[in-house]
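Take a look at the structure tokens below, where one protein chain is shown in two forms, each on its own, as structure 1 and structure 2.
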Structure 1
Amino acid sequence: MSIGHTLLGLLESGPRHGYDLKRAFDEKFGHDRPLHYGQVYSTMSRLLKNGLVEVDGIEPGDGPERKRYAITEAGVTDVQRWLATPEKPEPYLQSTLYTKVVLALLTHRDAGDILDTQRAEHLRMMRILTDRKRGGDLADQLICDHALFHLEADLRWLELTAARLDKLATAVRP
């Protein structure tokens, strides 16, 4: 996720202090990992250098936290361009799991066990997310759903692979 673009987008609704920006970011997007102050300031200084934000005012005293930032025309254009550009779908072509399964088959270990263990682990994660969804607000629910759907996709792959283990074994063994 591009933190720069996210912070720029948050500035579009009006100028903010660095501290406010961090709070807004954490509240809306940083469920798992809150931003460090340092990350905010280093990003802002990069944006300032590129002319995408400007300093709107400075409170008396020292420290970077007293600067108030505002978005520039170029900044708005940049946010617009970022939002309009579709994300590149993740191809997931390099799968550790696949490697594990093939290796197990080649070394005559139980590949089914690997898949089942993985499934249990996935489900454990899904249970945690489902639980969190139950107590959370809409934002929580959407974010958890996003993760749940990905996990579900993995699980489907696990099912499919499990159903084709025999075929796979004949294909990979010399």
Structure 2
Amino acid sequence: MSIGHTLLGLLESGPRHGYDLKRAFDEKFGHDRPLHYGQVYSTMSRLLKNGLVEVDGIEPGDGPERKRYAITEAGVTDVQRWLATPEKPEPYLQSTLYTKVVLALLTHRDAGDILDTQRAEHLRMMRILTDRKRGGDLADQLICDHALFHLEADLRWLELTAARLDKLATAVRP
């Protein structure tokens, strides 16, 4: 996820302080990974330097002065371009799991155990996500569905690979 573009998009509804941006980000997107304040302010500093935001006002606070940021026209254009650009599909052609299976076969370890352990971990995560989905709002349900669909695809790969371990062992061993 592009933190900068996300913060810019949040600014389109109106000027905000860094604290408000962090709170809005965490509420909408940061359920599992809330932003650190330092990340917000370093990102805003970069966006300011690049002309994508401007300081709309400075107010005294309990600590340092609070800057209120507003998106510029260049920032709006940048967000629009980012939204219109499709994300690159991740084909996972060289996944860590595949590497572990092949290395297990090359070193005469039990690759089936690796696949079984991974299957158990995927199923554990799917149970967690399903529970979260049941209690979540629509946004949380959609996020969980996305993750669950990826985990289901991984499970299919795990089953297919387990069924082909002997052929794979023959193919990868010298």
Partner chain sequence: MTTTSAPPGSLLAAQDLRKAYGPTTALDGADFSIHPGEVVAVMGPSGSGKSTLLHCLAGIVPPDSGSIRYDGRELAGMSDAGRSALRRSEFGFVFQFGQLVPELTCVENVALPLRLNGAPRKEAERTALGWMERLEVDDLRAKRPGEVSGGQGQRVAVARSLVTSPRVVFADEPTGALDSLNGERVMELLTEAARSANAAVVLVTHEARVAAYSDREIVVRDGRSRDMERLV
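Think of the rigid core as the biggest set of C-alphas that the two forms share within 1.5 Å after superposition. In this text the structure is predicted, and so the values were computed from the model without any measurement. Structure 1 provides the reference sequence; residues are numbered from 1 along it.
The first of the two standalone chains is derived from the form predicted together with the partner chain.
A163 is among the residues whose C-alpha shifts by 2 Å or more between structure 1 and structure 2 once the rigid core is aligned. Put the two forms on the same core and the Cα of L129 is off by less than 2 Å between structure 1 and structure 2. At I114, the distance the Cα travels between structure 1 and structure 2 is 2.7 Å after the core is superposed.
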